[in-house]
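Here's a solo chain for you in structure tokens, the form predicted on its own.
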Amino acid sequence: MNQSNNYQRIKDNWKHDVKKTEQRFPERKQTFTTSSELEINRLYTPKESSETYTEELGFPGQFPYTRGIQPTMYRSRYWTMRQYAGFGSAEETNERFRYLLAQGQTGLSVAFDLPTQIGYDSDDPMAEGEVGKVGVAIDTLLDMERLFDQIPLDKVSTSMTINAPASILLAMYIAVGEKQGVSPEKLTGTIQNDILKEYIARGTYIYPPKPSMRLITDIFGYCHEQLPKFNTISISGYHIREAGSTAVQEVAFTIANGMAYVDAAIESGLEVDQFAPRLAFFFNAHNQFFEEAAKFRAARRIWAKIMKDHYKAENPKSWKLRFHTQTGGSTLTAQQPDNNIVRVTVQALSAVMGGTQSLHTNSRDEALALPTEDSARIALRTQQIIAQESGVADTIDPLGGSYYVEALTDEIEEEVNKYLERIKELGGAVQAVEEGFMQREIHQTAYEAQKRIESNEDIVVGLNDYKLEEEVNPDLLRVDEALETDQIEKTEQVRNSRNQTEVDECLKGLKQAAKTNENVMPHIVAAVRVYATVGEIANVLRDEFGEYTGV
């Protein structure tokens, strides 16, 4: 088949896919126009076909997905506007969730406090002073019930930023669904569940890498059977970038980690197409607009090739890199915080131009404290203005074909592949993490970036240039210090009112499963149903798996 015929064939396939998609998700309008009433096409393509175009770009919704993973992209549906929120008690966070949903947010995203993230109850001495500070405190199923009070889990998808104890919080979500009358197969959402990036960049790990990987593949297997619509992992470059990596390193290390999860799942006995369609990714968006947009396009293409060519996945859903984006928290400044609204707008726009599936926009005051209700609303409005007023969602992949963006996409792909080859030579991502390779690469990059800021080679407006003599401090959200005492009392009340014999039996069953290759998830679900605490369940696994103490 000559080049011209091949181009026409894949274009015809795309048109066929568009018709099928429109039956389920009709486009938002019959006709899209500019303010001058010039009609906007669904997609713009080169006038002449070329081998490069068909192999490296193609059409949206088709391999290698450079131009997006859906045939009509935002012409049918906008991305999910999923603001990350959580602070204080479950009741306070529930109130913020319901406020954001009333303001037009379309998905939930839960931030947990540090004790919850590392598997300690609020009354554990290790939790002192940290309860409810950077996220919501969850100790028992009762907290989870209060967190989702009056929020029907069959009508909203929920992302939970939880890693080492992901299996416990997922089990609680399942149990809350059951209490609402929502069966597990109807639940939609994502658990972050990406422990490798915790060793690389963030530090909220509990167990050593190998048993942590076992917990992750247990979740894959359990969800394949019980929660077919739930994303089992969000492989996260976000925190790698926040730790100081470049855009290239963010993609490279994230994809290397993704390959490690795929390898582990296959090794555990799963077929690649059984779990790969439920893998999701999570990326950062910084200020370099074109590099960020190109980064997302390159990441999609690299993952598609790896899944199809290396892992021999046959289901096209296994080839698609679906991702959530959060704007860059580390780019925000405490100085002149209103400037952060502009930074977030540029970053959010790059994510949309790169084809993200969901988006969190940071609030202007996050370099100072947790977001106030006002600043959280402005952050959500930023997304709504991009969606409803800018017109960028009215044609698919509007940057496609730009000489600059296509060259950047190609260069990022090439540099990422060099990293992937180095990590492969080291024995894979788990080995590279254990040897501290990725950590050293990120530290060096962060050090160089900081030197450029301190020497004014890189300008950060309001920080090292354009400074103000006196600044007005905005109103900030402060977590009530009494919260910790209240949370401890609530947890003690649950311990005193539950059936302790049932709890002991469930924890004993979990301990036995942890000693063997039996999937631990059914035991964790059983334990949370009888109100075993996060700390009690995590401690059973600590006893069996040990604790990781770093490189």
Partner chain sequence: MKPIRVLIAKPGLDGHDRGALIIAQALRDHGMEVIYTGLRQSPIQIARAAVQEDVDVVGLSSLSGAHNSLFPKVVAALEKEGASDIPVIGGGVIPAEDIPHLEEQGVKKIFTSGAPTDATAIYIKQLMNQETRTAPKKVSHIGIAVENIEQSLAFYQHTLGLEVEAVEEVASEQVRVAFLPIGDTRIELLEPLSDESSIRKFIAKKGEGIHHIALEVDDIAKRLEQYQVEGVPLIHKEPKQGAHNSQIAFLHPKAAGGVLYELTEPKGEQ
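Every value quoted in this text rests on a predicted model; they were computed, and no experiment measured them. Numbering follows the first chain given and starts at 1.
What comes next is about the form predicted together with its partner chain, which does not appear here.
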> Any chance Thr45, Gly61 and Pro316 all have a heavy atom within 4.5 Å of its partner chain in the predicted bound form?
Replying inline: no
>> Quick check on Ala243: any heavy atom within 4.5 Å of its partner chain in the predicted bound form?
In response: yes
> Is there a heavy atom of Tyr120 lying 4.5 Å or less from a heavy atom of its partner chain in the predicted bound form?
Replying inline: yes
> Is there any non-hydrogen atom of Gln150 lying within 4.5 Å of its partner chain in the predicted bound form?
Replying inline: no
> According to a 4.5 angstroms non-hydrogen atom cut-off, is Gln335 in contact with its partner chain in the predicted bound form?
Replying inline: yes
> What is the one choice in Val156, Val134, Val460, Ile378 with a heavy atom within 4.5 Å of its partner chain in the predicted bound form?
Replying inline: Val134
> Within 4.5 Å of its partner chain in the predicted bound form, heavy atoms considered, which of Leu101, Ala369, Ala111, Val182?
Replying inline: Ala369
>> Heavy atoms within 4.5 Å of its partner chain in the predicted bound form: which stretch in 199-207, 246-254, 395-403, 353-361 meets that?
In response: 199-207
> Which residues within 434-463 place at least one heavy atom within 4.5 Å of its partner chain in the predicted bound form?
Replying inline: His443, Ala446, Tyr447, Gln450, Lys451, Glu454, Leu463
